[in-house]
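Before any questions on binding or motion, here is one chain by itself as structure tokens, the form predicted alone.
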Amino acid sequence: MISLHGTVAVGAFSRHFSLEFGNEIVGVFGANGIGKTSLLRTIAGLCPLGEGELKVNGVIVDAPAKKQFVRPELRNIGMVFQDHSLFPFMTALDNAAFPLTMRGMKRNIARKLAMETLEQFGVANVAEQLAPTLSGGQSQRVAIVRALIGSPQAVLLDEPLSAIDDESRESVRNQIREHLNRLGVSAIVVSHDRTDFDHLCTRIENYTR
């Protein structure tokens, strides 16, 4: 569950949000510049709240007035970034396995689980390639696997299908939905494609300026 009542402030951008998301898949829709990406980055811990309080599964992870802030690596939140943000010095497989190894899983076991998930998303064939050698669509699939693997407390997907070719979109959507349903956690999807919302989300939040 995600509860945020406060001000998201990133650079010159500032906006008050008041939201309560249960264990559901919520689509966040709205024009450019209304703070969708900033909202996700704040929940992930990459940007601190300007004021207010953020809880994930009932635990306060950001509350400036109380001087409480949980670092992003300790929040166990899976996120797909618009630019994918894979580690360039790692292979696709090690990128996918990274959340598991960060949480202390043995590397060989983490790589095995990551390979199985890469296979499900159709990119096991590029597992040993370094991230910079991957195509945009391959990078995005690896980023999706990294966000979903293991047992994240929440999942944040920022334009998760923007680099996927039209022929593959339906199958990738189906895989994402299957994994999110299995996890049963709060998930937020940001997209400009209403079809993504129709196929993935249980409800939609439409933010205006």
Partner chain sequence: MNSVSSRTPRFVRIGALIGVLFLALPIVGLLKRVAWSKLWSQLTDVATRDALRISLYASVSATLLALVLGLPLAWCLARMQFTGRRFVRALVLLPMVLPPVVGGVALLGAYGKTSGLLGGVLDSVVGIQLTYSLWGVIIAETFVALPFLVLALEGGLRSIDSKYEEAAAVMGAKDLTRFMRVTLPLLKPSLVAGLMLAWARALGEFGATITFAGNIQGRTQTAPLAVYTMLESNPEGAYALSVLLVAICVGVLVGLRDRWIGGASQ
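Everything numeric here is computed off the predicted structure, so don't read it as measured data. Numbering follows the first chain given and starts at 1.
Form predicted in complex with its partner chain: not shown, discussed below.
Checking 60, 34, 163, 46 for any heavy atom within 4.5 Å of its partner chain in the model of the complex turns up a single hit: 46. Of the stretches 50 to 58, 174 to 182, 26 to 34, 64 to 72, only 64 to 72 has residues with a heavy atom within 4.5 Å of its partner chain in the model of the complex. In the model of the complex, its partner chain lies farther than 4.5 Å from every heavy atom of residue 93. Contact check for residue 101: a non-hydrogen atom falls within 4.5 Å of its partner chain in the model of the complex. Its partner chain in the model of the complex comes within 4.5 Å of a heavy atom belonging to residue 146. For residue 85, a non-hydrogen atom is located within 4.5 Å of its partner chain in the model of the complex, even though that partner is not displayed.
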